[in-house]
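What follows is one chain in structure tokens, specifically the form predicted alone.
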Amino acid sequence: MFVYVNGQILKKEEARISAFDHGYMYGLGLFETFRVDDGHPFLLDDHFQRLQEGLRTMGISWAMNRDEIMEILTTLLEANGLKSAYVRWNVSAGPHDVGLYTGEYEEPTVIVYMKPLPSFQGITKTAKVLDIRRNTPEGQVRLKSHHYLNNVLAKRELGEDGTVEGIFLTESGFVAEGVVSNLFWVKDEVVYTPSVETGILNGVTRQFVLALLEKEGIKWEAGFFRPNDLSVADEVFITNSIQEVIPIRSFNETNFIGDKPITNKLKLAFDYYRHCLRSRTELKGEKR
């Protein structure tokens, strides 16, 4: 595997960061994961808008335009012999003295990881409520940050079975999100999803799904819900930027064995749009 590190394409064994990087010392860093399909990075603009907004919140000075990003991705794809890939774009605060720093970080560390994109054709998952509760965001909203212990502990609770997704509840018992996903369900042709006010990550794919629902004229509602609301659902699915839309075949003790028209409609839309869109805002003028 080759990775990009601060302007260089390196073998993974050669990649190094400073022992004083505040991304390592204090968890000050953000990342985005996204797909590249046949050279096209899906929803690239949305991912980097969120990344740059989050970095401003952290006081990390970093920006790249689309052409610069595409040059790095194209070079890294070639180095790894790939046309389609799983990409993690990581920006941390960079090196500074020991101690909490309140100024602007001017020399961030940028690492781009890349690996082959797995096949998710036909995959379904089961879901169950986790014992561990979702922690509250460190700031006003949840950032896709290096603070991942809550997720790691949840994954350890689940074990190694990749066909099971754990569902966090908030401390108040409201449904929040999956360990690596956002959560949706359908009841009487209305799509429901937890509100961002529950403290969840406002996923790029989550936002794209809501934009798709708007385009297709499908009603949706975000709010505060209990696990019992999922138990009476007609369809349940989870989303993330790599696996996109994953049907849930069972939740706790409830099985979902009927047709899944809305889930399937969304999956077909992703099959089409992942090869051509850079942002969900392009949906308004897009025809299929």
Ligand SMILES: Cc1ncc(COP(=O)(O)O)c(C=O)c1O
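The numbering used is simple: start at 1 and walk along the sequence shown. Predicted model, so just to flag it, every value in this text is computed and none were measured.
Form predicted in complex with the ligand: not shown, discussed below.
Comment: 198-206 is the region of 90-98, 104-112, 198-206, 77-85 lying near the ligand in the model of the complex, near meaning a non-hydrogen atom within 4.5 Å. None of the heavy atoms of Thr193 is located within 4.5 Å of the ligand in the model of the complex. Contact check for Val179: a heavy atom falls within 4.5 Å of the ligand in the model of the complex. Contact between Asn135 and the ligand in the model of the complex is not found at the 4.5 Å heavy atom cutoff. Contact check for Thr239: a heavy atom falls within 4.5 Å of the ligand in the model of the complex.
Across the proposed site, Arg66, Tyr273 and Arg278 without exception lack any heavy atom within 4.5 Å of the ligand in the model of the complex. Contact residues in stretch 127-152 (any heavy atom within 4.5 Å of the ligand, taken in the model of the complex) are Arg134, Lys144, Tyr148, Asn151.
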